[in-house]
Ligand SMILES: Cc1ncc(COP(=O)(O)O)c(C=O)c1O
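Presented below, as structure tokens, is a lone chain in the form predicted on its own.
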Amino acid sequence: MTRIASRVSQLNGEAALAVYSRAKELERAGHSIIHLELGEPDFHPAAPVVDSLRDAVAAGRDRYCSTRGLPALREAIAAYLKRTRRLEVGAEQVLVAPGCKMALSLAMMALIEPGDEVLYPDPGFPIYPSFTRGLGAKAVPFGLEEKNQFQPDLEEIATKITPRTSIIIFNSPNNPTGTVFSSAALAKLAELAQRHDLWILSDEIYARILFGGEYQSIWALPGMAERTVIIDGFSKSFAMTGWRLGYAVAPAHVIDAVDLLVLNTFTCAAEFTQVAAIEALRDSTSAVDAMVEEYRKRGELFVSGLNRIPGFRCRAPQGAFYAWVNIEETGLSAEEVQKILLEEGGVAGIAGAAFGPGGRNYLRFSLVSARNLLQDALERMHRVSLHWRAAVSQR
């Protein structure tokens, strides 16, 4: 009998897409929906980036190219990381892929053996444990709890490291909590990685979306450039989601291994999008700063309003573009609140368990709609909060 490989059964999907599908069904039935479920910017790439793409296609830049990415783009990424993160990276340490998920998947395939143990944040991006299991390894969560301001508990992480542990994965700013890992946390993670000879897989896709301070990458800490893989790309900071362009930064021998995987899978990322990505990195119109400032304003408005809804509690995000809302005091499950908000209020958010068991009392909303729509969403949520308002008042 024909069969499907067992590794596929170890994978899970993304709940955001399921919520999005239901929201679109309601829209087709005539309902007004405010979409706050997907982590997709409502911005578009800056005009010079679009012009560069158009010119590249017209010039015939639509051919096979280097498996590692255009040399000019890899050099531009290295220069960009030095300018924005003070990292010393060579072009030979960069590999371009069609999307951050592909860069992440390739890096994990290159580094994880069956039977390994991989530490990852809970709540966190659901693909971390999913793909870990698909590779035949054990996904081991470490908590990001509100009582710790969603910073990692380093003592917990230390106790979960075993001889089978090979990698610690994290992203900062974190999706879904919006937390930026502190300097102390990064230093301790670096110390644990060196003591136990571990890889660090640092997902830095939201590194440019900060609401204060300067981004710190664990790569820059002493002894960490040789054991860190950075995953980043163009989807979030440059609003290029559908362009599918990401990259990995790693020691050269890791890039060699990932390059072999590229040869056996997708051959290369599209040439014309890579040409345009060079223009994006220049950011000649300061589009990134303008976008981040708008996210900051949206966050201030939305978080303030969320904290006025009975039973809701929300900390201001330090980065990324999400609001992570504790709904425990409503007396309802996050799934129940999510359904009420969508079906009766027309506001699409995601129940936090989609990001791991640690998110069971939370909802995630994306700050990807204009401020007037966010204000409308707050009014709708306040209106349907009558479902749990009495329970909150009795507490």
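The first residue of the sequence shown is number 1, and the count goes up from there. Being a predicted model, the structure only gives us computed values, none of them experimental.
Missing here is the form predicted together with the ligand; even so, the following discussion is about that form.
Looking at 170-178, 83-91, 311-319, 107-115, which one sits within 4.5 Å of the ligand in the predicted complex if you count heavy atoms only?
Only one stretch passes the 4.5 Å heavy-atom test: 170-178.
Report the residue, out of 206, 272, 142, 199, that has at least one non-hydrogen atom within 4.5 angstroms of the ligand in the predicted complex.
Filtering the options by heavy-atom distance leaves 206.
Please pick, from 258, 100, 306, 239, the one residue with any non-hydrogen atom lying within 4.5 angstroms of the ligand in the predicted complex.
Contact check passes for 100.
Has each of 150, 298 and 302 got a heavy atom lying within 4.5 angstroms of the ligand in the predicted complex?
No: none of 150, 298 and 302 comes within 4.5 Å of the ligand in the predicted complex.
Does the ligand get within 4.5 angstroms of any non-hydrogen atom of residue 324 in the predicted complex?
Although the ligand is absent here, residue 324 would stay clear of it in the predicted complex, with no heavy atoms inside 4.5 Å.
Does any heavy atom of residue 211 come within 4.5 Å of a heavy atom of the ligand in the predicted complex?
Close contact is absent here: in the predicted complex, residue 211 is far from the ligand, nothing within 4.5 Å, heavy atoms only.
Check residue 120 for me: does it contact the ligand in the predicted complex (non-hydrogen atoms, 4.5 angstroms)?
No, residue 120 sits far enough from the ligand in the predicted complex that none of its heavy atoms falls within 4.5 Å.
4.5 angstroms heavy atom contact with the ligand in the predicted complex for residue 244:
Contact check for residue 244: yes, within 4.5 Å of the ligand in the predicted complex.
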